[in-house]
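Only one chain is included here, represented as structure tokens and corresponding to the form predicted on its own.
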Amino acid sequence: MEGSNMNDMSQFDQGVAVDTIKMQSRGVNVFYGDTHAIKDVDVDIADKTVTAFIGPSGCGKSTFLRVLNRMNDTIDICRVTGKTTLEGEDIYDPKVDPVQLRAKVGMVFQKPNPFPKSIFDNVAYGPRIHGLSQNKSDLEDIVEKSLRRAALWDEVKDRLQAPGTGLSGGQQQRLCIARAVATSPEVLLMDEPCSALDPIATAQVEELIDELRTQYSVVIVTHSMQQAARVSQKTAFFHLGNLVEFDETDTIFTNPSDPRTESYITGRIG
């Protein structure tokens, strides 16, 4: 008995250092009509980690990001093959409701896109449609907690009924992050979330991303290698629809194993 406990403990100790995989893709291909946009991609998205997707414009990084919450389903000519799982469940299984999936795998887009509603209603929208609150008090708690997680509460708490579209660009993007976390997702996808923001707002969102990873898996597509180096722990380099290299961010930027990665990082391609 003692021996088995010791064995269990040693397995536990060994397991501490191993990343917990939240999402996994194997052999993923994406086609737009006859165009083969993503080619046989394998990726593991670790829990409570920021994973950055980098690569030249049109390399497939945003297309692959959209595989992770089935956003490509909204494009008629798009076809996805291969397998992608969230905690072991195939997200493309016909039994999976894409709307419920997107509550678990939230998304923040390149351009801040608040709804033409009040700040409060922007954040309350998801919890309302998914039935996550029992009453008004519950909903108020979720809205406050989400705005706090998005580092926006102190700036807007006295004007929750004001339109979300009246906020500054950086505040609008943090409102969209609050809206995404209000459904208690497990994974947060961000498609170039800072590209429309000024340097100060960008720094605020980057700081926020670092805080968010304590609770979520965060996947960020970025055209800025400096941003990927600052915010992520893992980096995937895409080129011409292929996943060229996927490793610890430090390794990708200081000791890449593929010459194409090195060429991109040193500015010779891109």
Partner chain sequence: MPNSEHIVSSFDRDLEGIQAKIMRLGGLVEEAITKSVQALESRDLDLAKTVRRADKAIDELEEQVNVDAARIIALRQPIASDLRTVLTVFRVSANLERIGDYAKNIAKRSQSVIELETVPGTAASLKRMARQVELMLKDVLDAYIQHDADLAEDVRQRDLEVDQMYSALFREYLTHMMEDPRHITACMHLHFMAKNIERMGDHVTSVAEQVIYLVTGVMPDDDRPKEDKTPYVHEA
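Positions refer to the first chain, counted from 1. As the structure is a prediction and not an experimental result, all values here were calculated from the model.
Another form, the form predicted together with the partner chain, is not on view; read the next lines as being about it.
Enquirer: So in the predicted bound form, is the partner chain close enough to F253 to count as touching (4.5 Å, heavy atoms)?
Expert: F253 belongs to the contact set for the partner chain.
Enquirer: Is there any non-hydrogen atom of D247 lying within 4.5 Å of the partner chain in the predicted bound form?
Expert: Outside the cut-off, so no.
Enquirer: Just checking whether Q226 would be counted as a contact of the partner chain in the predicted bound form - the rule being heavy atoms within 4.5 angstroms.
Expert: So Q226 counts as contacting the partner chain.
Enquirer: Could you list which residues of 248-268 come within 4.5 Å of the partner chain in the predicted bound form, counting heavy atoms only?
Expert: Contacts from 248-268: F253, T254, N255, P256, E262, S263, I265, T266, G267, R268.
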